[in-house]
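Presented as structure tokens, the chain that follows is alone, the form predicted alone.
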């Protein structure tokens, strides 16, 4: 069985309803119905709501349906009166702005970006199999999703405010209070100004042609294509141009890559490497890990994603634990900030099979083979080869 993909994991309790269930029985998370999610979502926490779909719900779908889009939160979903809500733009700008949603729509051109968002903790369960990571949700492989986002370009809004010299970073502030922060504080983060004015970063009010759901940040959220999902701040209230990165806990302390021997409980501001662009990754979405399939030709499907400025160039698949490889069929790159889906047909013999998948980017680089090479005390950035174990029986 592939590490971290076919059985329960240590850490916080998760609830997984049986496949095909049409109504939630007593004991299943009411948050699934509350937030309009699939019945078979794996709920890591109800409050704050953290949930991911089974990989089969992502397979073969370029855009992820809203009911299957993963949800990562650090505090309760805030109740916001959209009519009274205003966006503040301040800091190192020539003109402070205070904008309603209607003023955003009328003052700036509407734009669309198709972008994949991926939680920094995606596939953490595989790292937990290497060594325990106390206090962190054991995300499997579903904390990654793709949507068509509609809104206005952050670059246009910053141009309207007039960035002043010395504005090297742009920070985002939301109202959801995270108790895990020390001290508890509203969620926030920042990105370099060069990324903020590049054009692809959106202030979005819709996804997949539908109004932004409350659990995904309504009335307005940031979408930072190619970067970890933590920087795409939801329920946005304030945009601040500044000389330095945000001092918010989730920028200065959390979402930073620490060395294996570090103690996260003793980490202070600035410790470790701040996480930003998503590294090259590849994973298998179907069949499900641990599945039983008949011997013979079997279709394997998945995705590859590179967020650091390089595109995905190739995906290789092995059905014999890496002894031999064949090239997968890779969908054309439809959007520069989105994953590329791939498929391969492998011929499996009677018995057990370990299937692997690895990607190569446009710079000719690939990614690490095993989770062991990537273990870190917060369980971030597992971009190791995709893998699954199949049983082949008639």
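Since the model is a prediction, treat every value here as computed from it, not as a measurement. Positions refer to the first chain, counted from 1.
The next section is about a form of this same protein that is not shown, the form predicted in complex with a small molecule.
Taking 4.5 angstroms as the heavy atom distance cut-off, pick the stretch from 279-287, 124-132, 107-115, 169-177 that is near the small molecule in the model of the complex.
Heavy atoms within 4.5 Å of the small molecule in the model of the complex occur in 169-177.
With the partner left out of view, is residue 148 within 4.5 angstroms of the small molecule in the model of the complex by any non-hydrogen atom?
It does not: once the small molecule is placed as it appears in the model of the complex, residue 148 has no heavy atom within 4.5 Å of it.
Whether residue 235 contacts the small molecule in the model of the complex should be assessed with a 4.5 Å heavy atom distance threshold; does it?
Residue 235: yes, in contact with the small molecule in the model of the complex.
Contact between residue 305 and the small molecule in the model of the complex at 4.5 Å, heavy atoms?
Result no; residue 305 lies far from the small molecule in the model of the complex.
According to a 4.5 angstroms non-hydrogen atom cut-off, is residue 70 in contact with the small molecule in the model of the complex?
Contact check for residue 70: yes, within 4.5 Å of the small molecule in the model of the complex.
Quick check on this chain: which one of 215, 92, 155, 252 has a heavy atom within 4.5 Å of the small molecule in the model of the complex?
That would be 215.
Within 4.5 Å, heavy atoms only, which of 242, 221, 256, 195 is in contact with the small molecule in the model of the complex?
If I apply the 4.5 Å criterion carefully, the residue I get is 221.
Using heavy atoms and a 4.5 Å cut-off, decide whether 119, 187 and 230 all contact the small molecule in the model of the complex.
So, yes: the whole triplet contacts the small molecule.
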